[in-house]
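In the form predicted alone, a lone chain appears below as structure tokens.
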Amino acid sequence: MGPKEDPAVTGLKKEIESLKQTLKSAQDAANDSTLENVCSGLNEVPRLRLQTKRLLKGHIHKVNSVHFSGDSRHCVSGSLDGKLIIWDTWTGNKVQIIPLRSSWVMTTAFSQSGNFVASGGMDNMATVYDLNNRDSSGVAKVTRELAGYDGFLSCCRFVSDQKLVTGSGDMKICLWDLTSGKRIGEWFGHAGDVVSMSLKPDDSENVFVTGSVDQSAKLWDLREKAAVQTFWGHSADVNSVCFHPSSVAFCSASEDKTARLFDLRSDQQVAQYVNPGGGGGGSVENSTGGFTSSGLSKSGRYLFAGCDDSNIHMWDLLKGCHTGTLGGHENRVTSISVADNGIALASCSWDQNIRIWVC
């Protein structure tokens, strides 16, 4: 029999749930319509005929992360084989292979300029590599090793070539100055591991959204001391968040087998997306797996979500209908990344491969 919970803690939990319900009631009262009703007059989007243009093979263990460079041509992948690989997605060739000191990589990031990549994982640090400079062994030079976490590093993104923002298993968000190697900001707010982040397209140097295993997503502004907004709705880990190109909304993907759309202006969820689940009619109960990753098309009309069922599911974001499935991976899809120019989608999987999808 487990230890008894402190009555004060029990009371606080009840108070938090009561406050959540109060906020939800206020949101519902202000919600005068639904996205589906507002968009009912729109024509349905054509079904995307995405095909695997390149099958990138080179890793010999599960691939956990993939991220496009700002040039929409190169991408970085990180695998449990202890390697980062820089790929030319146009030719399918490996540009660089970077051996890691720890094979337990969980996240990778490519800078917008294409000059740097970062990675991190169970080594509890973020490591930054300069792709334009090599060390004595001919490998991309390590420019910074950013330590100071009490948990694994689960997500990171370059704010610029000089700054990196990270999220970790100690529920902490850190901003690093890569020139000095010093931490210049630290934020707390999540009650669980911070596992995903996405920069706001029209203010990427200041604003971003995070997803956490505490079942929430939070909006942050680096000029503020705490989270600006908190979004509830998921009933399990929020594995992925992705800003809409308009910068007024973001999508999330969760272990609860749903993807959702949250509007910053209305401060609430405006749509929910479920995969058909093998004839299940789009119900959560009949869905075939939780969602691990998410991405949005350049137009913002198509939503993509990687899934435990080895597929990538697609929806019309505005009308909410499931528009297709990308099959090809043979194991859990762990990460997806949409190229900045909107032409290609990269996905990686526990099947050890990366796929580049184009129309």
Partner chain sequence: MYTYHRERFLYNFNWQFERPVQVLPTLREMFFMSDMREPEYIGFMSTLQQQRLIVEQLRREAAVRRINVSQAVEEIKKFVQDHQREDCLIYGFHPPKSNPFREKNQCQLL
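Positions refer to the first chain, counted from 1. The term rigid core refers to the most C-alpha atoms you can superpose between the two forms while keeping them within 1.5 Å. On a predicted model such as this, the values are computed, not experimentally measured, just so you know.
The same protein also exists as the form predicted together with the partner chain; that form is not shown, yet it is the one meant from here on.
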{"property": "Candidate spot Lys20, Ala226 and Gly300, all three touching the partner chain in the predicted complex (heavy atom, 4.5 Å)", "result": "yes"}
{"property": "Partner-contacting position among Lys53, Lys57, His322, His61 - heavy atom within 4.5 Å of the partner chain in the predicted complex", "result": "Lys53"}
{"property": "Heavy atom within 4.5 Å of the partner chain in the predicted complex - residue from Glu145, Asp263, Asp135, Asp203", "result": "Asp263"}
{"property": "Per-stretch contact check against the partner chain in the predicted complex, the hit in 146 to 154, 108 to 116, 93 to 101, 159 to 167 (non-hydrogen atom, 4.5 angstroms)", "result": "146 to 154"}
{"property": "is_contact(Gly289, the partner chain) in the predicted complex, heavy atom dist at most 4.5 Å", "result": "no"}
{"property": "Ile354 within 4.5 Å of the partner chain in the predicted complex, heavy atoms", "result": "no"}
{"property": "Contact test in the predicted complex: Thr230 vs the partner chain, heavy atoms, 4.5 Å", "result": "yes"}
{"property": "Partner contact for Val139 in the predicted complex: the partner chain, 4.5 angstroms, heavy atom", "result": "no"}
{"property": "Heavy atom contacts to the partner chain in the predicted complex at 4.5 Å, residues of 13 to 39 in sequence order", "result": "Lys13, Glu15, Ile16, Leu19, Lys20, Leu23, Ala26, Gln27, Ala29, Ala30, Asn31, Asp32, Ser33, Leu35, Val38, Cys39"}
{"property": "Rigid-core frame, C-alpha of Ile343, shift of 2 angstroms or more between the shown form and the other one", "result": "no"}
{"property": "Did Ala26 shift 2 Å or more between the shown form and the other one, C-alpha, core superposed", "result": "yes"}
